[in-house]
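The form predicted on its own is given below as one chain in structure tokens.
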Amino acid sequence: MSVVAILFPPLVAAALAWIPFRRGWAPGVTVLSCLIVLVLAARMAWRVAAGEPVTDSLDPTWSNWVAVDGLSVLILLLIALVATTAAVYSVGYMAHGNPAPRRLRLYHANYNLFIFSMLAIPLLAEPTLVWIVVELTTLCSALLVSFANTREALEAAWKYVVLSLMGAGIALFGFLVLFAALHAGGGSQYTWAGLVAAAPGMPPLLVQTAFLLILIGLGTKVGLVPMHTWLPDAHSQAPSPVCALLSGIETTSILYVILRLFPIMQAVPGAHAQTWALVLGLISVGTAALLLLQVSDYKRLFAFSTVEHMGIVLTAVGLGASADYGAMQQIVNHSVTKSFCFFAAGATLLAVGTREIAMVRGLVRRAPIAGAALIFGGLAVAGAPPLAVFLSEFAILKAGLAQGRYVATGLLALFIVIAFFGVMVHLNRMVFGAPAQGLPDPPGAAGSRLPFTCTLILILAAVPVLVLGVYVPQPLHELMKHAAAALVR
């Protein structure tokens, strides 16, 4: 079966979701589509981990448009995993407010189109086509961000679209400059592999200019500082399963495009791609760590944590090849952990009816499942041992020290510690704190009972967060090794 088959289930599901059958039709179609995608992605990942070729089943018609390797298959697997858990979580979460059937169909149709657009990013081999589907993710996800149709949600969606499209224009100019550099260097194939092959003959000035333009343009979608300002707004207003997609995997799938440029830059004399990555990554981690100390909305808290973790991945790539495996591990661990955090945030919102940190105290007594999930998610995403993120952050810091990059590694460690306290000081008060005298109950609180699918996903999504902190399965280890190798020329 051709690897492009993974794109068809969400497209079909998006069309079927519009059929006005019984109320459970659209959610059921979405869950089934995501399960099919997960199976297909897992099969590809298994073959790559075993060292088998994946493109041997690719139709020659697609060979110049589609290409997969360890890095792209790792991203595909993470998209499929987060999409599946978020789809199951959506069944109970979206039905909780009893929306009109048409709005529920609209949600699931856009959800499937969003999944399709993200799956296309790591599959496509030509940068201009990748740019197109990156912008398609913006259009599809903006409709999901504004789903609540409140003034705050619409404002967040517009801010997201405007800033993302401004970044898109800069990135498009960068891809055009990269195309010009390819032809100036005698290359003819405008694909990731073609660019790597032609890189030694490409004019260094053009390549470096293209890299900076793409880094800034796509860095807007990734949420790198100072282009991050849309991210906390969008991630606080979108429905929680959508937040799990936005933070858990969309930012990573866009960062994947930036990572594709590093093997090209390594062949260019005088290129400083790793230096730029190190500086921008540390700025993002440090800024997010300080902002975490003063946040007042727990969904915005997890959004700023996403800015921090994207900065950590970029810093790891900037540290050099010895930290590349740690960067891949961080990508995996952040995806499974951050999606869990937003599932926990959604459970908390259903239980107390507010996103304000100051309004929530004693959550573990009022809603034990939501309270336990929230504190577990906070510990996990902040990097507490022996959970998954701790293992990858430790690997990155160890690689930095082994290279003698003491200043950069020390700054990264300091920012991680600040972020840890920033996350935990807020969540500790929410979960275990005693209510202040005279503090009213949050308005619109829905009680402590969670929909079954929400509880189920909280349990299932916690498993990889726990397991990956103490044990990395051999197939996943091999897949991450292949992904890390794709960053080196």
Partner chain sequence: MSDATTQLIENLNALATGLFLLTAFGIVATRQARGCLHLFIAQSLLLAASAALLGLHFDSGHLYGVALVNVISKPIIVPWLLRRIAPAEIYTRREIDQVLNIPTALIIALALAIGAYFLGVPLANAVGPGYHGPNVPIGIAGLALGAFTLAVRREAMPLLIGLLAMENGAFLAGISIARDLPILVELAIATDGLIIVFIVGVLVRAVEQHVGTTAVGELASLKEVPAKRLAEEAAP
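If you're wondering where the values come from, they're calculated on a predicted model, not measured in any experiment. Numbering follows the first chain given and starts at 1.
There is another form of the same protein, the form predicted in complex with its partner chain; it is not shown, and what comes next is about it.
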* Would you mind picking out the stretch of 394-402, 230-238, 251-259, 369-377 that comes within 4.5 angstroms of its partner chain in the predicted bound form, counting non-hydrogen atoms? => 230-238
* Quick one: is Gln189 in contact with its partner chain in the predicted bound form, heavy atoms, 4.5 Å cut-off? -> no
* To do: Examine Phe179 and determine whether its closest non-hydrogen atom to its partner chain in the predicted bound form is within 4.5 angstroms.
  => yes
* Asked: Does its partner chain get within 4.5 angstroms of any non-hydrogen atom of His183 in the predicted bound form?
  -> yes
* Classify Ala125 as contacting or not contacting its partner chain in the predicted bound form by the rule of any non-hydrogen atom within 4.5 angstroms, answering yes or no. => no
* **Leu81, Val242, Leu218, Ala156 - the one with a heavy atom within 4.5 Å of its partner chain in the predicted bound form** => Ala156
* Though its partner chain is not shown, can you say which of Val279, Ala384, Leu414, Val162 has a heavy atom within 4.5 Å of it in the predicted bound form? -> Val162
* To do: Would you check whether its partner chain, in the predicted bound form, lies within 4.5 angstroms of a non-hydrogen atom from each of Phe114, Ala120 and Tyr298?
  => no
* Even though the chain is shown alone, can you say which residues of 165-179 have a heavy atom within 4.5 Å of its partner chain in the predicted bound form? -> Leu165, Met166, Gly169, Ile170, Leu172, Phe173, Leu176, Val177, Phe179
